[in-house]
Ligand code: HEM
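Consider the single chain below, provided in structure tokens and representing the form predicted on its own.
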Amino acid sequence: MPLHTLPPGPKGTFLAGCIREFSRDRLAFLHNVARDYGDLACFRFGPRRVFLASHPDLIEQVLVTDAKHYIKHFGARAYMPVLGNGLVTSEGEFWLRQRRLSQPAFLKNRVLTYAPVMAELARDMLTRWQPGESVDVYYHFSDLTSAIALKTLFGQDNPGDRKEFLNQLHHAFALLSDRFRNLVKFPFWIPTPRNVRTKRAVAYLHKVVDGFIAAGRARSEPGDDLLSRLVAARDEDGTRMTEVQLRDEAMTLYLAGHETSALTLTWSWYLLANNLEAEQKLADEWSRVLGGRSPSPEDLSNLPYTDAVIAESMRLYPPAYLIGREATTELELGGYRIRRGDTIFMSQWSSHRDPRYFGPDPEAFRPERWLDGLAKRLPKYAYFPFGGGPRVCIGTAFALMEATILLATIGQRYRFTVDPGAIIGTNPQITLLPSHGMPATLKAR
């Protein structure tokens, strides 16, 4: 049977296609395209042809069945000035080698040993909080998960100015996100104001990460953290990773090791602050199971409502809201021809709001939906906050355990109310950031 040429989709303008609509509000654009044009839609960004796959079977075909025929898409590659050739952006045999070297730090038994550090650093943060204080909880959660990532993954206790590092990181990603929106992109060697600002921010980030690596090399004995493993790792021919390779992996894993959990905590508390019934159920579970102490690994299976809150938060506000792949050869998808170079988008933001799988009110925050076996009934790729296939997030178990431990440790001491008049919006960059932070008032539990 001959393949259809193109599925339906928005036309946009003659030259730009739909890039302006996407740039204006990418979350609404993705959701509307999936709703209005069905399981597979097509549109253009300038001359580039993009498909949006929204059915779980199509997503599985791209991420699993045909995975070897796809590479990361142009949007992911746009972040290479910051992430370099790390796990998020690298391809082929090089990616596979780096993944194998990094994997031991994220195996379940290893991840469980990080639990005491997570709880200890959370309690340390709580000593600096006062009831009635107004804080940006997103900043505090980012600072906390940054400290946890540095300690568990890099063996670092004194990371320097984390606030400046996070500011420069977000600044660099914002500049690169702006660059992505522009049809005309000047090469980085041309000193435009945006390129100069981006290179300055990246140089600062590289300097800090180089310091992590130097500190790891300077230890009298190698540590048991990921950085020590990467420093000591050798190829079959005996060669070590270059300094650039080490920096790229350290930068990527540092970002992946803290940003997802910080955002999960931030959006969870935002949703709970607007749903007092769910918050009370959560507090009741903690009182019954934990009695005021931080969770241990043995407690994790006894906190089903906590798990449900985290799953529901990542459904509605997935830290990774969009993933994409680029075809390396001609393929078929949903009865349509995919050309070499075509891009396939798969959006957690839109897929997680599909009423076919999440009921007639998919926008509602209802953790209870996960308590009756929904996860087992769902098609595998109806819910995919950590991606899937061979390139599923390496830190999934780390992020979920961290979110549970921090949510329970902090939540037994404090509840939050979002400050009156606060403008809470989304800022989709490489992850789904709150556009103006998350200003909240601390209230003692």
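Note that the coordinates shown come from a computational prediction; the quantities given were computed from them, not determined experimentally. Residue numbers run from 1 along the displayed sequence.
The next section is about a form of this same protein that is not shown, the form predicted in complex with this ligand.
Picking from 237-245, 336-344, 362-370, 99-107 the stretch near this ligand in the predicted bound form, with a 4.5 Å limit on heavy atoms, gives 99-107. In the predicted bound form, no heavy atom of residue 418 sits within 4.5 Å of this ligand. Contact check for residue 391: a non-hydrogen atom falls within 4.5 Å of this ligand in the predicted bound form. Put simply, residue 45 is far from this ligand in the predicted bound form: not one heavy atom of it is within 4.5 Å.
For residue 257, a non-hydrogen atom is located within 4.5 Å of this ligand in the predicted bound form, even though that partner is not displayed. 153 is the sole member of 153, 137, 327, 230 with a non-hydrogen atom within 4.5 Å of this ligand in the predicted bound form.
Screening 201, 320, 282, 115 for any heavy atom within 4.5 Å of this ligand in the predicted bound form leaves a single hit, 320.
The three residues 56, 374 and 383 each lack any heavy atom within 4.5 Å of this ligand in the predicted bound form.
Taking this ligand as positioned in the predicted bound form, the residues of 79-105 that bring a heavy atom within 4.5 Å of it are, in sequence order, 87, 88, 95, 99.
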